[in-house]
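Only one chain is given next, in structure tokens, and it is the form predicted on its own.
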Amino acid sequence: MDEKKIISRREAIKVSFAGLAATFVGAGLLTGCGSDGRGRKPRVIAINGSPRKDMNTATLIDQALKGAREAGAEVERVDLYDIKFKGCVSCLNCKLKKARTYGLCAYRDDLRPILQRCREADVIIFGSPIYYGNVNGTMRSFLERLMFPLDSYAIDKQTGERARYLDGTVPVGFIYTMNCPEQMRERAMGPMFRSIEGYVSRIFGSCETLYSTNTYQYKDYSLYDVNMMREEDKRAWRDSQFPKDKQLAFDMGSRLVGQIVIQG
């Protein structure tokens, strides 16, 4: 594939939103005041894949956004369960040469503006609970729609490696919450985590993770048929570990903002 056809971060936005591309003009590491030197704050978008808006995943996402906000960023949280959308429909229009949709998801539904805001963001944070050993179906569908248009089947002639549609690096954080104990995490789900993080890193250039294990699932365990675990043990872990997870999430948000380089 001709290297000129690899869509840069700015050019991808120009395809359908030419007026917005100007916001990416400028270069250099962001200063501590949280701007690019001309007043624009970095933009951080967090995608909450949990159906529950006030439990473990959402709480950690909010802490990450708090850290990003205190580092000087403008922040936004998107709750996927509020949006009507499908996963990838395999139309392949995002790979069609010379099409206006090249490098962009062509499917028109309520997710489309969210995908665009992700492409304009300087930092992206994903958060998902683990269902049956993987991110839940809603997050998986979202990742298909966001990442496949940005992924490439082309080999870069200069590097000999798979080409990237985004130039530069977009700092990405992925927060996972799960019921399984910490000692089971790697054995049960390690390959899955590495697969997702590998895709994210290839497309966006980086990915750091936070694993919150042994999470407290019910507000009142006595109401549910759950005898595989003792509520006292879950509560003790929550009280001792979850505050640490919240601090880790806060630190992640702050750290990701500190990594931003605005592409010129």
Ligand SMILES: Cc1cc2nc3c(=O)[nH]c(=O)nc-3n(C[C@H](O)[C@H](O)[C@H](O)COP(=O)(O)O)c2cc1C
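One rule holds for the numbers: they count along the sequence shown, beginning at 1. Just so it is clear, the structure is predicted and the values come from calculations on it, not from any experiment.
Another form, the form predicted in complex with this ligand, is not on view; read the next lines as being about it.
For the residues A154, V89, A99, C180, the 4.5 Å heavy atom test against this ligand in the model of the complex is passed only by C180. For the options R238, R230, K66, R52, the one in contact with this ligand in the model of the complex, meaning a heavy atom within 4.5 Å, is R52. Contact annotation: G133 falls within 4.5 Å of this ligand in the model of the complex, judged by heavy atom distances. Under a 4.5 angstroms non-hydrogen atom cutoff, this ligand in the model of the complex lacks P149 among its neighbouring residues.
Proximity of P171 to this ligand in the model of the complex falls outside the 4.5 Å heavy atom cutoff.
In the model of the complex, no heavy atom of G103 sits within 4.5 Å of this ligand. Interface residues of 200-217, taken as those with a heavy atom within 4.5 Å of this ligand in the model of the complex (partner not displayed): T215, Q217, in sequence order.
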